[in-house]
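Just the one chain here, laid out as structure tokens, in the form predicted on its own.
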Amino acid sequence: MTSRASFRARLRDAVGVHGPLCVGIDPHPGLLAGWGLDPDADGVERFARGVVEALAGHVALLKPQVALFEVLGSAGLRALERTLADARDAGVLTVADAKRGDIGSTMAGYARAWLADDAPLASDALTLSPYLGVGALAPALDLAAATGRGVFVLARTSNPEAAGVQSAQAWVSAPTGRRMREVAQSVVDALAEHNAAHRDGPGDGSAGVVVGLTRGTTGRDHGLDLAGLGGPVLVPGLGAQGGTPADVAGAFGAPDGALGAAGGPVVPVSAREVLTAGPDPGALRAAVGALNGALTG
């Protein structure tokens, strides 16, 4: 396995240079039409690779939405392979937004598909769903730690359907005995334990969480204690979904100031607000610059 700096270290360096914004690569038909592209595999590939070409060297992290490639079958996945390869060649970090989660050999297969050094779809990080149990994610957590990659595990999402699961109370074990803990917080706590066990080496801070910005009315009420996480926080919902830079500051503090609180960095995500500026590369870069300025100003 390749020896490299931890994902958290590389992400913190990228945020320090380019600002905290993560741009989603979401080839929705409406966006494709706005770029003058057809909603087929060729259009998706031109769109996605165009985003990488325009924003490499200008953004800390890119997040391809895997479902919008998968829907086109093998041709769509080939477009995703080429997009991820372009990003690797350009030195820009990627998180594959696939939300994988399973058990046993199936989870191990998902881990190898996205986090192994020799995988055609290898990305720097992968989103995961923990609702078959955080322990079931061990193949991905361990492989990410071994290869210097990362994972972002869903903890608190913005969709209203999630509240019944993520806000439920459950018994968890703790050094002081069993206690009731909100499910979302128990996910954070389990990942904090994983990060604590991998503080040295490529696995340092490899386990991050996803916390939606637009839960409630402002996103300021995610209600999670992230202080002990020791890993990064991916925050979708900025821009078209209704979240604002002020909401990021209200929920997490200024992105630079949040580095110590959660182990950081905190990385807000925007897709449509940036991508609608395309296909002109200069306009895409200007949109990124404006959002980063608002987040850090």
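Each residue number is its position in the shown sequence, starting from 1. Note that this is a predicted model, so its numbers are computed, not measured.
The protein also exists as the form predicted together with another copy of the chain; that form is not presented, and the subsequent description refers to it.
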(request) Let me know the one among 141, 155, 125, 87 whose heavy atoms come within 4.5 Å of another copy of the chain in the predicted bound form, would you? (result) 155
(message) Going by heavy atom distances of 4.5 angstroms or less, which of 72, 192, 92, 146 would be at the interface with another copy of the chain in the predicted bound form?
(response) 72
(message) Considering non-hydrogen atoms and a 4.5 Å limit, does another copy of the chain approach residue 68 in the predicted bound form?
(response) yes
(request) Evaluate residue 213 for contact with another copy of the chain in the predicted bound form, applying a 4.5 angstroms cut-off between non-hydrogen atoms, and reply yes or no. (result) no
(message) When the contact criterion is heavy atoms within 4.5 Å, does residue 223 count as touching another copy of the chain in the predicted bound form?
(response) no
(request) Please check if residue 83 has a heavy atom lying within 4.5 Å of any heavy atom of another copy of the chain in the predicted bound form. (result) no
(request) Would you give me the residues of 152 to 169 that have any heavy atom within 4.5 Å of another copy of the chain in the predicted bound form, in order from first to last? (result) 154, 155, 157, 159, 161, 162, 164, 165, 166, 168, 169
